Each structure stands twice: as structure tokens, then as C-alpha cells.
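Before any questions on binding or motion, here is one chain by itself as C-alpha cells, the form predicted on its own.
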């Protein structure tokens, strides 16, 4: 049986183009500047998503951001914007590998700390999709299986494990139990949505996440997120740049 999202794709297929999706411009703008991508341009004339394009050696890189909400003037975080950005990007650009990069909540019970970067592994869940009907429950929660990333995780020195996605910054007691039962190492707001679209469109997907806050602590999540965002993004940027440089060496799907 072939893994989800890679059916019919030869494992030795070269990676010549990569798409990188960030929810927030603050998470990835410095990466784009460092590797010399072009200025922001619209992904669609009527939508707020922006892309920056360029090359890193022989690797074509397209970086996408969800954009700014016109009513509230904040980044369009969450699954809805992530789904739309992913679909538009994969419709318009030739992408061999999709990378979701961003920030997350970590768990002190699993040795998480601010600035620690994870590679999503095994699968991605939705922790706030509660549909207690057989079949729909499994569809709503996942996991969405991942087939790539373990090689890169080893080369980059990143821990790997399940990541769970939801649309709220804080968590409920039921969600804490969900994380514990599934061994979730990081909680974010986009990865599973992005991976589901990539799977449906047959594009390999990986995700890297940097910790801004500790989910299983008594500190207010929003305060930790704001206080630690810059530190987490600095570490995320280091990892994403290193990851792109590894891909620019001329990787194939079976070597990521």
C-alpha cells in the first residue's frame, strides 16, 4: 500500500521546486530576505494571500503567506485561510514538495521548551473537530499520514512526532486528554489543514514547527506567545534556511 499523498509518484523523483507556507508574515519574511526571494506579489487579485518567489541555487522556491485580514488588520491565522492558501498555491505553481513552517505550542511533559523546533512525523490530527459519529469521527480527527521528513529531521537534529491542529490559541481539558492519548508533541493552527489539501492533490508535504508557548503549563498562553514569538521565529528561520539548503543540494523524495 502506498502512503497518502504520494500515490503514483516515483520515490526517486527529484525535488526541483518547493513551496513554503507560513500563516504569519512575521514567521517567514526574514527567510525570504535571507535567501533573496523577490518582493511580495498577490496570489490572487481578490484575495489577501501573498507570495515571494526566487531560486536558491537550482531550487525554485515559492513562499506563501496567508495575508492580512482587511477588516481587523491582523494575520489570517487558522485552518480556513491555510486551506485556501494551499489550494491556490498548488493550483498556480508547480510544486514538488510543500513545507508548512510556523510556530506552535509545545509540551513540558515531552521535553518541549520555547524555541525548540519539531518536524511533524507519523501523522497530523485535528483536536477540535468533535463529531461523535462512526466514520465522521475518524475523518474529523485524522490522522492525516505523512510519508516524508524523517531523513531531514535526522540531518537537522529535530525531534519528530504527531502534531495536532486547531483554531484556538488556548485549549480545553478534553483537548489536553486528546494530546495525551495520541502522543502529540506540538499544537498548531494550520498544519493538518495544509496536509489534507496537499494529500488530496498528490503533493508530498512536511511541517516544521517552533515552540512559542508551553501548553501544559499554568502560564497564560497568549502572554507566552507574544513574549516568545521573536525568539521562536529566530530559531524557526535558522531551521527553514538549513532545510532549504539541504533541498538545494539536489534531493529526491526518497532522501527527505
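These figures come from a predicted structure and were not determined experimentally. Residue numbers count along the first chain shown, from 1.
The discussion below concerns the form predicted together with a small molecule, not included here.
- Taking the partner from elsewhere, residue 104 is found to have a heavy atom lying within 4.5 Å of the small molecule in the predicted bound form.
- Taking the partner from the other structure, the small molecule in the predicted bound form has a heavy atom within 4.5 Å of a heavy atom of residue 212.
- Residue 114 falls outside the set of residues with a heavy atom inside 4.5 Å of the small molecule in the predicted bound form.
- Contact check for residue 189: a non-hydrogen atom falls within 4.5 Å of the small molecule in the predicted bound form.
- Contact check at 4.5 Å (heavy atoms) against the small molecule in the predicted bound form: all three of 23, 77 and 221 pass.
- This chain lacks the partner; the member of 156, 140, 88, 169 within 4.5 angstroms of the small molecule in the predicted bound form by a non-hydrogen atom is 169.
- Of the stretches 198 to 206, 57 to 65, 213 to 221, 30 to 38, only 213 to 221 has residues with a heavy atom within 4.5 Å of the small molecule in the predicted bound form.
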